[in-house]
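Next up is one chain by itself, shown in structure tokens, the form predicted alone.
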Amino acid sequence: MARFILQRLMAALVTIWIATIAVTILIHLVPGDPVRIMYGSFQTTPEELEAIRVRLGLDQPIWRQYLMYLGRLLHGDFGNSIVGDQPVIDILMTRFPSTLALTLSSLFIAVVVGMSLGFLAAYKRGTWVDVSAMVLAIVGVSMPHFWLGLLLLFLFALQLQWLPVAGGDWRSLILPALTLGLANAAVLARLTRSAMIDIFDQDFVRTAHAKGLPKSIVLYRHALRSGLVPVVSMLGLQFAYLMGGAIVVENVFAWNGVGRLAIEAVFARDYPLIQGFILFFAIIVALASVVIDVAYAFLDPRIRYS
């Protein structure tokens, strides 16, 4: 098991390393002079622009810029933002708890609703329950996050006035979490249904029924655990998808998280902050993938030795 975890950690480090290369060359992919783009809204002279270019290391060859950037990262330095001249890592860590709360809440909703709906559809396959569940899943997959968010906002915040339009308390978290969670619940419902139908047709399930075991034990102790294996493997992708979807949802609901910060950085042309966001996002997703892979290995021990 230790070797398996080490392999996954090495794969995560490779992913993060590739991300550091991507964010280094990002600033050079923008047409024009990056210093003029970043500081174009400020009253700066050509001499000041040149001094900024030297300070940022943009006068050096790109390979040297990468080594300088990598050296700063190893010391926990993500650079300073242009707007406010604050450490990027401090800004990200201030906003990240809000995004993490939104992502985990959405993942909880997606798992509970999606797996329950998928399991019920598989158990009642071929009936109106199965058809209705899959129709709901197709609608959920097809509906964009921002559209679902606006519908929920109009219904529960404006019409019924049950929940606030925006804010920072737990009641303000309900609508954005539902927006992200319900859309991803549709994906998990379809996956759970397919996985459980395959498990219900397996010989070990038929044998358990033939032995006279109670149906609840056969379904939950034997079938459900085996059916969870492909679903858990999908949760890593779902976590990354939810983190990405948070960028849209946070702006719809004015949720003060990292996703909204990224949009603000794009409009402000704050490239150090954009670079820090991309790298920070890659680190979080890579570490989450390691956790999901380890959980996957516990559910199916064969994965550890493959």
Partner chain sequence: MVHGTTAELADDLATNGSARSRGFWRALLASPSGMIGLAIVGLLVFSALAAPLLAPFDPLRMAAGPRLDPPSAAHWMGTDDFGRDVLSRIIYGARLTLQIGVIAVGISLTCGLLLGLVAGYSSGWTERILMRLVDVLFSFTEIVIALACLAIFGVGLTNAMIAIGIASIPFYARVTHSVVLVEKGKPYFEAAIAAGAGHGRLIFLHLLPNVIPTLIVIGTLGVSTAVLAAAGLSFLGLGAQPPQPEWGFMLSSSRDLISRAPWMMIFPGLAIAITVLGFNLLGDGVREALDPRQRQR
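Bear in mind that the values here come from a model prediction, so they are computed numbers and not experimental data. Positions refer to the first chain, counted from 1.
Keep in mind the form predicted together with the partner chain is missing from the figure; the text below concerns it.
- prompt: Between the options Leu104, Leu160, Leu151, Met93, which residue brings a heavy atom to within 4.5 Å of the partner chain in the predicted complex?
  reply: Contact check passes for Leu151.
Practice task
Consider the chain as shown here, without its partner, and state which of Leu49, Leu67, Leu56, Ala240 has a heavy atom within 4.5 Å of the partner chain in the predicted complex.
Solution key: Exactly one residue meets the criterion: Ala240.
Inset, instruction - Give a yes or no for Val139: in the predicted complex, does one of its heavy atoms lie within 4.5 Å of a heavy atom belonging to the partner chain? - result: Output for Val139 is yes: heavy atoms within 4.5 Å of the partner chain.
Can you check whether Pro144 is within 4.5 Å of the partner chain in the predicted complex, heavy atom basis? Result yes; Pro144 sits at the interface with the partner chain in the predicted complex.
| message | So, Phe267 and the partner chain: in the predicted complex, are they within 4.5 Å at any heavy atom pair? | response | Yes - in the predicted complex, heavy atoms of Phe267 and the partner chain come within 4.5 Å of each other.
Do Ala19 and the partner chain come within 4.5 Å of each other in the predicted complex, heavy atoms counted? Ala19 belongs to the contact set for the partner chain.
Check: Since the chain is shown here on its own, which stretch among 81-89, 67-75, 190-198, 173-181 would lie within 4.5 Å of the partner chain in the predicted complex, judged by heavy atoms?
Finding: Going through the listed ranges, the match is 190-198.
For 246-267: residues with a non-hydrogen atom within 4.5 angstroms of the partner chain in the predicted complex?
Residues within 4.5 Å: Ile247, Val248, Asn251, Val252, Ala262, Ile263, Val266, Phe267.
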